[in-house]
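A single chain comes next, written as structure tokens; it is the form predicted alone.
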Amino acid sequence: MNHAEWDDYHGVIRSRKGGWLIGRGVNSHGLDLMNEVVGHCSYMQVVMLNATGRLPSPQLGQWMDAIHICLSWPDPRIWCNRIGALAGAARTSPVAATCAGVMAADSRSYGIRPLQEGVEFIQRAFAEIDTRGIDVTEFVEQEVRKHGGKPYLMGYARPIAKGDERIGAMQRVAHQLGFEDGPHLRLAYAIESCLSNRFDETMNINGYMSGFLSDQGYSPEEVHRIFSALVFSGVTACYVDTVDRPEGAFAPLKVEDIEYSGADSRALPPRE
């Protein structure tokens, strides 16, 4: 943007998304929040509306409630929750603790960005198989070769645990809400079958939700935006757990707990 374009924004704040009509109401993406949304839509429907500009169905809003429960729980061993627990032990505020945990979840290894990359992967897989006319097995072999023969496909396998108990819960929710498996999710299952036969690896919750949300028409960037505060509930719970305990009591260390591998002990030089 050059200076001339900045002039168009000088002295005025514009929004294409919504705003407060002072004393009269609030609108968001063309909807009257007080009269058309409050009492009619769930909070997660509004989160998705604000992130994408599209109001999802009540059923998809309920599905989104459920997936958030699956993806954030109060275990202080989880890296972002540990930040909340440490913050509670340090007597910071719940807002600071929760925000720090949420920021830590915007990582490339775990958290929110892998969800975005999972959607990118299944949509790319669908496009390649459709346009090149290759079968699922050939696509999987191609992806495995990219990783030196390892089954490192986004949305598959899981550290520590085998399988993913959350998929069964979300399949049950989707069925109860009337959703049928779409083409992206069916492809995700087909990829899982290939990986299971060759590597004994299965889909994780990322793979399931990536296929499901792709079938609902969401882009990778939209998924990143929708789930931007995904872990906050579990982080807050871990903060509450430690803030009520003695200060500094979460994971304290003794000197002998530290394995020192630096220089040997030496005398300080004399003062001049």
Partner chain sequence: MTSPSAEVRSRGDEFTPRLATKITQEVPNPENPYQAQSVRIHGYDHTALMQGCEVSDVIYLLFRGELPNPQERELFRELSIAMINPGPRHPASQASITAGVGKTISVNVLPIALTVYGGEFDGVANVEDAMRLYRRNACKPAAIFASTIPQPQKGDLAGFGTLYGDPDLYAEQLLQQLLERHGGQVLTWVWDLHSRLKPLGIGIQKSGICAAVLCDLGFQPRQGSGLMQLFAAPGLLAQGLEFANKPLTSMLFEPDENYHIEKIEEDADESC
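Residue numbers count along the first chain shown, from 1. Whichever C-alpha set is largest while still superposing within 1.5 Å between the two forms counts as the rigid core. Since this is a predicted model, take the numbers as computed values, not measurements.
Omitted here: the form predicted in complex with the partner chain. The next part is about that form.
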Problem set entry | Contact label in the predicted complex: Asp75 to the partner chain, heavy atom within 4.5 Å | yes
Exercise. Would Leu86 show up as a contact with the partner chain in the predicted complex if we use heavy atoms at 4.5 Å?
Worked result: yes
Exercise. Is Gly148 one of the residues lying within 4.5 Å of the partner chain in the predicted complex, judged by heavy atom distances?
Worked result: no
Exercise. Does the partner chain come within 4.5 Å of any heavy atom of Glu221 in the predicted complex?
Worked result: no
Seminar exercise, completed: With the partner omitted here, the residue among Val136, Ala104, Leu195, Ile167 that in the predicted complex has a heavy atom within 4.5 Å of the partner chain is Ala104
Exercise. Among Arg108, Arg186, Arg132, His175, which has at least one heavy atom within 4.5 Å of the partner chain in the predicted complex?
Worked result: Arg108
Exercise. For this chain shown on its own, do Ile22, Ala100 and Arg271 all sit within 4.5 Å of the partner chain in the predicted complex, going by heavy atoms?
Worked result: yes
Exercise. Looking at 198-206, 140-148, 122-130, 155-163, which lies within 4.5 angstroms of the partner chain in the predicted complex, counting heavy atoms?
Worked result: 155-163
Problem set entry | Those residues of 242-256 which, in the predicted complex, come within 4.5 Å of the partner chain by heavy atom | Arg245, Glu247, Gly248, Ala251, Pro252, Leu253, Lys254, Val255
Exercise. Aligning on the rigid core, do we see the C-alpha of Val12 shift 2 angstroms or more between the shown form and the other one?
Worked result: no
Problem set entry | Core-aligned C-alpha movement of Pro252 between the shown form and the other one reaching 2 Å | no
